[in-house]
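Below sits a lone chain in structure tokens, taken as the form predicted alone.
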């Protein structure tokens, strides 16, 4: 059985005013896997990620990292953020330093690394994201796609075991999404566990190992991507449809079955004896 790197156990959380966001949520993340959390807007996906890296504290339940609780002390949260990184949907919520290099170096320097060690981490992260040439660029001068990659670079400079990404493809065009997925592929190949929220079933189909269907603050189903995304009933229950390629496959199969049925009916009709003349 795969080792679990992050577990959410019975998480419950309400926003001010008693607005429920999580309602007894359970989620298991296996080390080295790529997990897509799928669900409609407003289902609580972002709130879940904010719990998985310790930003929010649940009213009930707990989050385990490698089987243990890290706690909400200053030291506990620092260790938590080092091991579980988070990239927000809007990179402008995450980038704050004057230049890209300064922003990416912030986390490593806060870990107590020397400037030389932090510089090595920055160079490594920028190279991994393909934005080494942007090191000295002002963050407010970046395109949206460049900001996304800079935010991911800042997260991976901490060398987390788990990287959480909130709607990573949101706001990107097709080319930008392809470049981002290529980066995430490299991170996964290097052993980073990836958890990303999305309502894009096609992205989940092409990239995820596992899928968790999320609605109304709970995980409705979790399992292998190929199995969950082929479950039309489960997807419909959370307001989603199967990926395009799967849907085309379903329709082709249904049409083939219908065609065979018609062919069978034609053969059967041909075998009916012709009534004798006069009848």
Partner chain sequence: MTLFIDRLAQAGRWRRRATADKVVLALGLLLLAISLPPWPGAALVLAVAWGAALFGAGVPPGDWLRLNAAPLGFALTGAAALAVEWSDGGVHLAADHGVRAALVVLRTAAGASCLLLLAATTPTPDLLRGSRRVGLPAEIAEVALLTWRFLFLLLDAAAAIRAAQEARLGWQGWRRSLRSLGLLVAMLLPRAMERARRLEIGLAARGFNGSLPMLSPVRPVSPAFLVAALGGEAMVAGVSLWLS
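Nothing here was measured: the structure is a model prediction, and the numbers come from that model. Positions refer to the first chain, counted from 1.
Not pictured, yet referred to below: the form predicted in complex with the partner chain.
Undergrad: Where does the partner chain sit in the predicted complex: which of 167-175, 94-102, 202-210, 184-192, heavy atoms within 4.5 Å?
TA: Among the listed stretches, the partner-contacting one is 94-102.
Undergrad: Does the partner chain, in the predicted complex, lie within 4.5 angstroms of each residue among 88, 118 and 154, using heavy atoms as the measure?
TA: Heavy-atom distance to the partner chain in the predicted complex: all three under 4.5 Å.
Undergrad: Tell me, which of 50, 64, 28, 234 has a heavy atom within 4.5 angstroms of the partner chain in the predicted complex?
TA: It is 50.
Undergrad: With the partner left out here, check for me: in the predicted complex, does some heavy atom of residue 73 sit within 4.5 Å of the partner chain?
TA: The answer is no: residue 73 has no heavy atom within 4.5 Å of the partner chain.
Undergrad: Check residue 110 for me: does it contact the partner chain in the predicted complex (non-hydrogen atoms, 4.5 angstroms)?
TA: Judged by the heavy-atom cut-off of 4.5 Å, residue 110 is in contact with the partner chain in the predicted complex.
Undergrad: Would you please decide whether residue 179 lies within 4.5 angstroms of the partner chain in the predicted complex, comparing each non-hydrogen atom pair?
TA: Looking in the predicted complex, residue contacts with the partner chain do not include residue 179, since no heavy atom lies within 4.5 Å.
Undergrad: Can you tell me if residue 198 lies within 4.5 angstroms of the partner chain in the predicted complex, counting non-hydrogen atoms only?
TA: Contact check for residue 198: no, nothing within 4.5 Å of the partner chain in the predicted complex.
Undergrad: Between 126-143 and the partner chain in the predicted complex, list the residues on our side with a heavy atom within 4.5 Å.
TA: Counting only heavy atoms within 4.5 Å of the partner chain in the predicted complex, the contacting residues of 126-143 are 136, 138, 139, 140, 141.
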